[in-house]
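Only one chain is given next, in structure tokens, and it is the form predicted on its own.
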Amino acid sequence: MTTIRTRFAPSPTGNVHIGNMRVALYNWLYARHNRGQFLMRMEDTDRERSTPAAVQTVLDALEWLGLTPDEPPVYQSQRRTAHLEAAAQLLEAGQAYKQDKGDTGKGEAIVFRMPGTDITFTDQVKGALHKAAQDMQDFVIVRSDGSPVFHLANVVDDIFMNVTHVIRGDDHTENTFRHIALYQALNAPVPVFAHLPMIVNAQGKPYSKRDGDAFVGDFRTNGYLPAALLNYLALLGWSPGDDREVLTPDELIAAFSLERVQSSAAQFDQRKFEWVNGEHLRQLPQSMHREQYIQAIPQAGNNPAYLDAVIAAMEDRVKKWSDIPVMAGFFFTEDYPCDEKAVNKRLRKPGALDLLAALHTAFAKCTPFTEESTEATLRDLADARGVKPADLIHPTRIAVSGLPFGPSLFKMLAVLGRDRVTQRIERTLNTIKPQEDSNAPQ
């Protein structure tokens, strides 16, 4: 039985786009699912852009995501001799010829002679694909300056690496007809091909940095988990065939098949990805959450029991590690910023400060100060004043946290405790002027 061998063959010219990394992921998943081998090739022939730093960026991205190749990387720039030997073999067999391209007089390019027959192959994602002989022209495989062209180098290196399955982006679909002709001319077995759909934004255009994080390094810097990124990238164009959306790498390996890869473009949904990342965060041990909170807010380590209470309160709100200082900072300092728009909208609203003052008085008498008792106190006051609970909930949230969003208000109040809550409300009442006495916008 032939061992399945897949490969990831990026051109290392800078940041690693998530579209490229999804190609790596699908190759890795297919190899692992079939107990095969996942290989790596650096197509580093662009010597100006394929710097050592650019190569290392690719290697770092693979390492962070856990997509470990089974063999050392092959560097295409080191295989020029093999590429030129293959071109010479084609010339000798009459399957290529020399031509002065562009009448430059600078040398003779080597042009591959298409076989003059129709080419058909079955793409594992797109199905049967066909191209008529008259629609395929001869093409250059070695430039006049003696440098091999991508098509030749790609095929020769895949033959050298014994690649059995070529899983790549669908921008290479048209190239495959040329590549099949090259495989056949070099008397090599033609691999199985699978071309993956593009990742697009909400407008159906290629997903880019303008749409949000687009490079693997961005996701790492912004506090996302590698397992969550793998999970979400796998779902961009594939599904396990059931209702599962949160899967570990091992579960992805067990479920993966090319048959379930869709051929239409896959839309990157930032909110859905953040939800997936949040679900992965929730599965991590408490010790890792503590470590991240203390790393983001050093004073969070001063009271372990209080820190655990904060982590529990924020469990549903923190979707990535970088959320911690922004969304939970107010738990650990009295010098927290206030969202000015929220202050204008909620605290400077006519009557809001009067309601907040009444709640301050009620909270001062609230014993014990728990989720249940604070909620009952606030709702009783709302009933007594003939207002909606929200008319008290929003001003209170901003007064004690500075934010218009966050965990359950009553859970937050219980964690902060009565003294800190009443002190913060009192400070707000002393510093915020009502709408009619300020120049704040309506």
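The numbering used is simple: start at 1 and walk along the sequence shown. Everything numeric here is computed off the predicted structure, so don't read it as measured data.
From this point on, the text means the form predicted together with a small molecule, which you will not see here.
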| message | Test of understanding: in the predicted complex, would N154 fall inside 4.5 Å of the small molecule by heavy atoms? | response | yes
| in the predicted complex, H289 touching the small molecule (heavy atom, 4.5 Å) | no
| field | Exercise: E43 in contact with the small molecule in the predicted complex, heavy atom 4.5 Å | value | yes
| said: Taking the small molecule as it sits in the predicted complex, is S11 in contact with it (heavy atom to heavy atom, 4.5 Å or less)? | reply: yes
| Taking R7, F150 and H172 as the candidate spot, are all three within 4.5 angstroms of the small molecule in the predicted complex by heavy atoms? | yes
| task | Tell me, please, which stretch of 199-207, 365-373, 134-142, 164-172 lies within 4.5 angstroms of the small molecule in the predicted complex when heavy atoms are compared? | result | 164-172
